[in-house]
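A single chain comes next, written as structure tokens; it is the form predicted on its own.
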Amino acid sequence: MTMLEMLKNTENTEARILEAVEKAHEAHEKLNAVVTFIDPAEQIANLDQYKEGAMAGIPIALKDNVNTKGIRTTASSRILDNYVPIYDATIVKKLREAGAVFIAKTSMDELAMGGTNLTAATGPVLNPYDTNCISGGSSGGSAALVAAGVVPMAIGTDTGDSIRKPASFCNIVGFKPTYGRISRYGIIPYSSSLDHVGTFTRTVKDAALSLEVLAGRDDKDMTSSNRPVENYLAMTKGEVAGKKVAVIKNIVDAIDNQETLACLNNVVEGLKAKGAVVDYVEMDQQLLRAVLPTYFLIANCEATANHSNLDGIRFGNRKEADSSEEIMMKTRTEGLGSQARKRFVIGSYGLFAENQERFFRQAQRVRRLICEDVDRVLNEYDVFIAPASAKGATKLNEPAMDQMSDAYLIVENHMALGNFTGYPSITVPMGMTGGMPIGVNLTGRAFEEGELLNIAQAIEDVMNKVGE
């Protein structure tokens, strides 16, 4: 059942919430998607207080990097295993005031550093469509619970594609709005200039409603926008006559999976049938190849600065030793997984005084060039689209791709364009490939979420018709 369907059926709300809790436990046994279960009893007792809220009685899940007062929040890292926040994130307050009921904190790649959800301290999150496959990351636990029918909406965060790639792999809608549209106060950070809060839902309209609840200025987050919150749900009509859509040709040309290309063709032809103008447009190939290394430098340099306090002295799950230096080394060695340690080493190297100009500042300049190329496309088109991945979710132990190939550098990492620019971006299901789901990603102009959601709704309508 979708969120909007639940809101129309207000009978047996308490039973529905308890059923979601039971489903969460059952799904966790198969998918390993939950870090901490939340007892909803107190929230249920207070339901009457929020009965007029936009999400009254809706059970939802939160990614485990969202601070929840009195509830353990680990970011799926051993170094935060004992962290119990003393305050709520702003989005937690907004959701509670809207009547949402929290039932779980979901697994993620450690400290949001990854795209597979294989690095969580609690182990891999498995895909509901095939438990031999990954869910995608870093927000894989939230994606898996929505895809498994446990909750109609879950919170994720997206630094490179960490909402939109799991959504593609799990056959659901993954949406991150414009940078600053949703407050990040109380979110354990990865990369401050790239991090976005967003949602997983089963429909585009549910994503629109979720944004209405979550969006808005927050003085506790000085990067949040003062722009008024729009009626996104009313704008999500699926009417695209005359709208201009660019398909990024560089990405399509690097895909050799014919099923994925056939799914994309269904999207393109469906949009044309609805009156949209669809063109294949080329971006700068060298800049697209530079997206991943640029992202890796900026994200990990910022992460190193953000998490410098995780040392067992100022913060973190302390491991005792004979000196403060040994405490810090032991805490980090035992508390952090290999991938997180690797990323901190890279970030530290990029932040060395003698390296900042050569690496970090240069990456920032390349980021600006990439953003300018994106603007070149969006100055002429309402949105640009491309497959979210070349294929569906990979097997848990599948060999890594050639990381110097365009299939990897461009196809599997292009969604970071939405993080570099901060522009709104959404992934919508577009079919199956190799028996696994695949999604199409759309990116639009800053703060034009209504337009993006409207076109995404048109694609959802097209795909529903194809599936009939």
Partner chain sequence: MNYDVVIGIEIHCELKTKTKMFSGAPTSFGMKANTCVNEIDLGHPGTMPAVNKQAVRYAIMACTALNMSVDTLVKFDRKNYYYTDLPKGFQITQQFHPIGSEGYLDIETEAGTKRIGIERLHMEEDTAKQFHLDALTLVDYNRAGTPLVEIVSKPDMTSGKEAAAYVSKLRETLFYLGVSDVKMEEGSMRCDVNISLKPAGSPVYGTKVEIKNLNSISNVQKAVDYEIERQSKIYDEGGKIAQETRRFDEATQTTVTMRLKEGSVDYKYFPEPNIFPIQLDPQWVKGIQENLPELPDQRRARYMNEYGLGSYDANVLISNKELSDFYEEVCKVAKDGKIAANWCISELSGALSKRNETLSTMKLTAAHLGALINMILDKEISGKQAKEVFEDVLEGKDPKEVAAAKGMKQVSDTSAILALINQVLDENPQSIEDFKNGKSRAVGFLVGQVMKKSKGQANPAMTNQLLNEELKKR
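Rigid core here is just the name for the largest C-alpha set that superposes within 1.5 Å across the two forms. Positions refer to the first chain, counted from 1. Because the structure is predicted, anything quoted here is derived from the model rather than measured.
Keep in mind that the form predicted together with the partner chain is not shown, yet the notes after this line are about it.
**Asked** Counting only non-hydrogen atoms, which stretch in 79-87, 282-290, 162-170, 390-398 is within 4.5 Å of the partner chain in the predicted bound form?
**Response** Result for this chain: 79-87.
**Asked** Heavy atoms within 4.5 Å of the partner chain in the predicted bound form: does residue 313 have any?
**Response** Residue 313 belongs to the contact set for the partner chain.
**Asked** With the cut-off set at 4.5 Å between non-hydrogen atoms, does residue 99 touch the partner chain in the predicted bound form?
**Response** No, residue 99 sits far enough from the partner chain in the predicted bound form that none of its heavy atoms falls within 4.5 Å.
**Message:** Residue-level question: is residue 185 within 4.5 Å of the partner chain in the predicted bound form, judged on heavy atoms?
**Reply:** Judged by the heavy-atom cut-off of 4.5 Å, residue 185 is in contact with the partner chain in the predicted bound form.
**Request:** Would you check, heavy atoms only and a 4.5 Å threshold, whether residue 179 touches the partner chain in the predicted bound form?
**Result:** Answer yes; at least one heavy atom of residue 179 falls within 4.5 Å of the partner chain in the predicted bound form.
**the partner chain: the contacting residue among 278, 229, 366, 328 in the predicted bound form [heavy atom, 4.5 Å]** = Selected residue: 328.
**Item:** Selected contact from 237, 249, 361, 342, since only one has a non-hydrogen atom within 4.5 angstroms of the partner chain in the predicted bound form
**Value:** By the 4.5 Å heavy-atom cutoff, the listed residue in contact is 361.
**Prompt:** Does every residue of 2, 44 and 130 put a non-hydrogen atom within 4.5 angstroms of the partner chain in the predicted bound form?
**Reply:** The answer is no; none of 2, 44 and 130 reaches the partner chain.
**Any residue of 210-225 that, in the predicted bound form, places a heavy atom within 4.5 Å of the partner chain** = Result: 219, 220, 221, 222, 223.
**Message:** For residue 395, does the CA position differ by 2 Å or more between the shown form and the other one when the superposition is done on the rigid core?
**Reply:** Stays below the 2 Å threshold, so no.
**Prompt:** Any CA movement of 2 Å or more for residue 316 between the shown form and the other one, core superposed?
**Reply:** The answer is yes; the displacement is at least 2 Å.
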